[in-house]
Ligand SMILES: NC(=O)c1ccc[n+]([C@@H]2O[C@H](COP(=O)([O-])OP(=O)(O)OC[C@H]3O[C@@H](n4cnc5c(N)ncnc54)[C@H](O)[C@@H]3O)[C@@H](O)[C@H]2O)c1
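What follows is a single chain, given as structure tokens, in the form predicted alone.
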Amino acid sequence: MGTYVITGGASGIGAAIRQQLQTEGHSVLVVDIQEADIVANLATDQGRRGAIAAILDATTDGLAGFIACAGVGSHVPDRALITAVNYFGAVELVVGLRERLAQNRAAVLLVSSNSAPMPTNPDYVQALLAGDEQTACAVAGQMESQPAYSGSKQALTRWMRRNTRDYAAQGIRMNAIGPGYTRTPLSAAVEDDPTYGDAIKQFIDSIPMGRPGLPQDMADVASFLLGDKATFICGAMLFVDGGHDAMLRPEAF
């Protein structure tokens, strides 16, 4: 049994992953903007640095794993917020915790999205990968929310792929999951919305497996990728979307 740290673990998919790990006997520290063991605003540089410092103070014996789950959805009109949390709030914590993760040859799981392969602004993605938050936020401000969201997840997944080898050399396995539409209390409310409800229901009906994802679906895959049965899986992006990515991109893999 070990200690895991998860961002965004207070609700939704993050809460399901936290509960799954705790059920398996692990200790879990939650980093979130409220109702967390470590309260931090990952949209700001100060909040990220504070979160890293607090995690290091709380995990002197090392970490079994780190899960970057905190994220802002495409329904949020503030594209700079989407950019700051989804990309920099994940990458900067992994980088800041790198030596602690190497201490016990820990596993890292990034929560990406099955929208990551969707078309987006390449200048936006390049600014993210270059670590230029100011430029990335400025470009995002000229974009629609959906490509800003999918671009943040594309860059996050590409960052993982680019850095897999160097982290693996220290014994750190990095992988990502790409959730599809997942029914949470927030998304369930949108399904009942008179403006968006019909479109959402049609989207759900198009999922090949015939149902939306559940937070537990994501938690089960997270548990596998973080655990001992996945020790040779490294640098992988696993879509957990009921077959939606395969349906939409049948010739790509």
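On a predicted model such as this, the values are computed, not experimentally measured, just so you know. Residue positions are given as counts along the sequence shown, with the first one as 1.
One more form of this protein should be noted, the form predicted in complex with the ligand, which is absent from this view; the next part is about it.
Stretch-level contact analysis of 92-100, 126-134, 172-180, 140-148 against the ligand in the model of the complex, using heavy atoms and a 4.5 Å limit, identifies 172-180. At least one heavy atom of C69 is located within 4.5 Å of the ligand in the model of the complex.
The closest heavy atom approach of G197 to the ligand in the model of the complex falls outside 4.5 Å. Contact check for S187: a non-hydrogen atom falls within 4.5 Å of the ligand in the model of the complex. Under a 4.5 angstroms non-hydrogen atom cutoff, the ligand in the model of the complex lacks M160 among its neighbouring residues.
If you check the ligand in the model of the complex, you find a heavy atom from every one of G12, D32 and S113 within 4.5 Å. When you look in the model of the complex, the only residue of I55, A43, L226, L63 with a non-hydrogen atom within 4.5 Å of the ligand is A43.
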